[in-house]
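Coming up is one lone chain in structure tokens, specifically the form predicted on its own.
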């Protein structure tokens, strides 16, 4: 049987599946639901000393959008978008800390982990909140430098407003890391030019891990009313964004392989995505949007799916697949030369490959398409659109 255990920042976790800081971890009740479903950990809804960010949550609006960015009605497609406005934890720190303590106790009884999350508007506030959260008994702390909602609230400097100011973010990180004795992970925003150097600076400031990444900011109009969905700009993420997130997971893996732990989030829908995140270098994977669609039990199903796949592939532990795709990545200059080949017996002569070839390599034959080899560069467009299995293959030139 495959062993799904992983060590993250010195903390042992029974599997890599963690419920991300969001509505599914809004309070002790919700966190216990995630834990009972099978998640190895939960990240509490970000505790804040900002009345504005707490009040914003009372106005939360969520929409699940289809591939045309229209509101889903019943059936939610796999590549949906989670589009919404929200804020941070509803309660004041004094009110919220007992909720965290309840979740910590419940988690300890079920071999699970509760990870703290904080967000302030001042350096001193970050430190105070971090100390308070550490006092609940959490073994890890996530600083939320990625929340997209403060961008829509002038004067509220938290979340991504911190994550886009690298100097200030590192100042806060250093202050928090010096103030607490537990490992600190930094959740970053994707709305920056590069996270590579930033991750290195966060490490120097004391961070043990980075969470890649929070949601983007989007804007979607309703063409029937001419008004924006949920009244304006909103955070947007979901399964469709997975390749963008994996790019950063891969980049940080390549640059800081043994120096930073990575938590992947924003894009993980099911166990297949867990495999992809881990292969790109994520030690744990935070899930949110699919849980909000299908419920808490979705978490356990993905743990079971991952274990089944690991057993089928003969992988004894997650270390067998950790970072393997990232480590195998090639620069453009090292990519091999390839050519397309057509099996005339399998080709149906539908002509789709002719439309997808811009190098005049695919040619119309009498009974099947053929390849004009001297024109083919092996791009794979023909292979991608061919509906006949085995009719076109791409191989070394």
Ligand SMILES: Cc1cc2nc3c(=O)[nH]c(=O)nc-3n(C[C@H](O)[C@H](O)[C@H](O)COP(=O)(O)O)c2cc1C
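Numbering follows the first chain given and starts at 1. What you are looking at is a predicted structure, and each value in this text was computed from that prediction instead of being measured.
Heads up, the form predicted in complex with this ligand isn't pictured, but that's what we're talking about next.
- Heavy atoms of residue 302 never reach within 4.5 Å of this ligand in the predicted complex, leaving it off the interface.
- None of the heavy atoms of residue 81 is located within 4.5 Å of this ligand in the predicted complex.
- Taking the partner from elsewhere, residue 20 is found to have a heavy atom lying within 4.5 Å of this ligand in the predicted complex.
- The shortest heavy atom separation between residue 246 and this ligand in the predicted complex exceeds 4.5 Å.
- This chain is displayed without this ligand, yet in the predicted complex the stretch 263-271 from 175-183, 304-312, 263-271, 192-200 comes within 4.5 Å of it by heavy atoms.
- None of 208, 251, 121, 86 but one reaches within 4.5 angstroms of this ligand in the predicted complex through a heavy atom, and that residue is 86.
- Contact annotation for 259-298: residues with any non-hydrogen atom within 4.5 angstroms of this ligand in the predicted complex are 265, 266, 267, 268, 286, 287, 288, 289, 292, listed in sequence order.
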